[in-house]
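Just the one chain here, laid out as structure tokens, in the form predicted alone.
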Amino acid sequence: MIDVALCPSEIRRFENIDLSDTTAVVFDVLRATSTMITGLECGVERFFPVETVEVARAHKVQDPSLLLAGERGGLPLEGFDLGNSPAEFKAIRGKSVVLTTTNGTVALHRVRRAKRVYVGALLNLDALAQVLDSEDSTSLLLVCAGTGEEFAIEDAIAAGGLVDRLSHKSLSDAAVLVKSLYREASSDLGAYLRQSRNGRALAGIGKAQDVEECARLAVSQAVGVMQEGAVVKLS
């Protein structure tokens, strides 16, 4: 069965459900998971996703070699090395990064007890689908990180793109919904992301190019997977 958590309130519901036999895939297309996929593709060693700025700073105190990255309200955090724009991570080879974002890193923590947790984006849909089909997991949960407490259409589109690529036959109603949404949006993903609440907000703070970066379909072979609290590139 493929199920989908469409927004943060649904993600919290899964915190209280046994996920030990479930594979989870987290989508925060604009921008946390797209940033992680870009970084892993370009040579970042690992990302430590954390929920708060305070926890991020504590990691840095324990290991000064770590880079701090993240955003609040879409903007880089004061005193951090990097923001949350994918392009910033294309030259960070061989480094480990602590990342905190409004929704994406929180969603990863919510489902951390799943049997396996992958990082998904439009960027790596083909590679991700190949991995999931090879594992033939009987229970798959696609997690849409959302915006604040609300639904984010770009995450649902990406989740639907993954459903559309998988050979699973049993779909929840939410999985059917996002698959239909993806098929509607797939002819012009860029337009859908630009028109989304997050897309408009990013354009408003001068980060329209991030939206274009994140709207590219299946351009990366990198698949991020959680291992011991860090997101690493699946070998």
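In this text, residue numbers run from 1 along the sequence as written. In this text, all values refer to a predicted model and were calculated from it rather than measured experimentally.
Keep in mind that the form predicted together with D-malate (MLT) is missing from the display, and what follows is about it.
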So which stretch, 96 to 104, 135 to 143, 122 to 130, 160 to 168, is the one near D-malate (MLT) in the predicted bound form (non-hydrogen atoms, 4.5 Å)?
96 to 104
With heavy atoms only and a cut-off of 4.5 Å, decide whether residue 69 touches D-malate (MLT) in the predicted bound form.
no
Examine residue 44 and determine whether its closest non-hydrogen atom to D-malate (MLT) in the predicted bound form is within 4.5 angstroms.
no
Is residue 26 close enough to touch D-malate (MLT) in the predicted bound form, meaning at least one heavy atom pair within 4.5 Å?
no
Please tell me whether any heavy atom belonging to residue 37 falls inside 4.5 Å of a heavy atom of D-malate (MLT), as the geometry stands in the predicted bound form.
no
Decide if the three candidate residues 32, 74 and 202 all line D-malate (MLT) in the predicted bound form, where lining means a heavy atom within 4.5 Å.
yes
